[in-house]
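This document opens with one chain alone, in structure tokens, the form predicted alone.
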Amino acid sequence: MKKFGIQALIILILGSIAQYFLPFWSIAVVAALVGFFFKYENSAASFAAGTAAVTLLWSSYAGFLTSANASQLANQIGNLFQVGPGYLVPATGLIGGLLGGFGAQTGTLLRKIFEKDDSVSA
């Protein structure tokens, strides 16, 4: 559980820095790089850490932007998609969480490709 929290915190910090300078999809690359350095038996824990970190990051930033402009943009986007503006912040977090989770899982699975498998005997 400690490894999970550390991985999520690193993704959160590096992801917030990367999102300031790079496009939105860079969060998946950050999550994949961090996921590569954490060794898990299965990749589900890495997926959960990436999902938790990026959901928190994108939801909090979307909520900040929504409150900063008095929900004007959220109302316009909500009218465009025929949904209430209150659904946009959780939807943003969900999409970002999936992006971060799959990125972290990709990094963990990529690590498993390069690991030496001791269980196979010649």
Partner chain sequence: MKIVKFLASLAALLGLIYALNMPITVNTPLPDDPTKFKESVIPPIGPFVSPFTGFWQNAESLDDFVPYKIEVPDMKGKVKISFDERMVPHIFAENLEDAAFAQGYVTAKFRLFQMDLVSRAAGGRLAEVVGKDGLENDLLKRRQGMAYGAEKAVASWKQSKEATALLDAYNAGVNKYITDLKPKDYPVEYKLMGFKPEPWNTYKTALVKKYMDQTLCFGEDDLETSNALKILGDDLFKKLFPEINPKQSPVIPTGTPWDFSPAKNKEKPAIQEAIGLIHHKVYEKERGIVGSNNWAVGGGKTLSGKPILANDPHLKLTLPSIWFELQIHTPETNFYGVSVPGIPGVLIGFNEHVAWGETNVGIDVMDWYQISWTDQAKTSYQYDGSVKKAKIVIDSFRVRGQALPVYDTVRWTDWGPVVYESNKSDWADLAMHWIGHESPNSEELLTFVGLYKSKNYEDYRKALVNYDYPAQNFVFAEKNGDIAITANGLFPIKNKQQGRMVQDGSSSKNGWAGYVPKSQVPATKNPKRGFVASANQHSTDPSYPFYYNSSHFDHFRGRYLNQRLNEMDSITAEDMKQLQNDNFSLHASEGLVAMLKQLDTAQLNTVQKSVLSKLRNWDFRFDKDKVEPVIFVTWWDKYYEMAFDEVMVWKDSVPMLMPEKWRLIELTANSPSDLIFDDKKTPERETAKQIATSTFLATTKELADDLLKPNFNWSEFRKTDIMHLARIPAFSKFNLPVGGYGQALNAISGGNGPSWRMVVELGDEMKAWGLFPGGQSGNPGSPFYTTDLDKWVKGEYNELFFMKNAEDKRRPTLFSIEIN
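Because the structure is a prediction, the values reported are computed rather than measured. Numbering follows the first chain given and starts at 1.
Note that the form predicted in complex with its partner chain isn't included here; everything after this is about it.
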Determine whether any heavy atom of residue 37 comes within 4.5 Å of a heavy atom of its partner chain in the predicted bound form, and answer yes or no.
no
May I ask you to check whether residue 10 falls inside a 4.5 Å heavy atom distance of its partner chain in the predicted bound form?
no
How about residue 28 - does it come within 4.5 Å of its partner chain in the predicted bound form, if we only consider non-hydrogen atoms?
yes
Contact label in the predicted bound form: residue 51 to its partner chain, heavy atom within 4.5 Å:
no
What residues in 58 to 81 sit within 4.5 Å of its partner chain in the predicted bound form, counting heavy atoms only?
58, 61, 62, 65, 66, 68, 69, 72, 73, 74, 76, 77, 79, 80, 81
